[in-house]
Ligand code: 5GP
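Next up: just one chain, as structure tokens, the form predicted on its own.
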């Protein structure tokens, strides 16, 4: 049995990562498993614990950091997010391909541990499009929205620096981005 590959999948909040992710994790021949991250942020309407995230307390998260149990972790908008290491390594050893949906800073951490990871960054066509998408969610107040936009601008700039990501997909419209992502994953895995 061949060892599975790791795909690091990033992009700013509101760019459509989750919706795009669902279209590729359902393709059986990709043998692609989504790594469920831990987070300390509150659960949103429609989310399911252990499906979208493992929702934990800050105390639980900090204890796992102290025990070096994460492949990567980050504090973002006053909440912690992280990828537990053991399930990722176990799945790859079993021949599964793993998809990590993580922030740019987390990508740096992953590449120090797994340098041959496949890296993909999803971009908005323009920052104003991203602002409109985030605003239409009605999940954040104006201050949080502006914080997310500022973070998004920094993430995009950082992702483009030094060729840190191998692949970029601009999500102008869902169908085109979906096809580009599927074709890319197919070329990398099959």
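All of these numbers come straight from a predicted model, not from anything done at the bench. Positions refer to the first chain, counted from 1.
The following text describes the form predicted together with the named molecule, which does not appear among the structures shown.
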Residues 160, 165 and 188 all lining the named molecule in the predicted complex, heavy atom within 4.5 Å: no
For residue 102, is any heavy atom within 4.5 Å of the named molecule in the predicted complex, or not? yes
Does residue 131 make contact with the named molecule in the predicted complex, using a 4.5 Å heavy atom cut-off? no
Answer with yes or no whether residue 126 is in contact with the named molecule in the predicted complex, where contact means some heavy atom within 4.5 Å. no
Answer with yes or no whether residue 17 is in contact with the named molecule in the predicted complex, where contact means some heavy atom within 4.5 Å. yes
Identify which of 54, 41, 69, 63 has a heavy atom within 4.5 Å of the named molecule in the predicted complex; exactly one of them does. 41
Heavy atom within 4.5 Å of the named molecule in the predicted complex: which residues of 67 to 83 meet that condition, in order? 72, 74, 76, 81, 82, 83
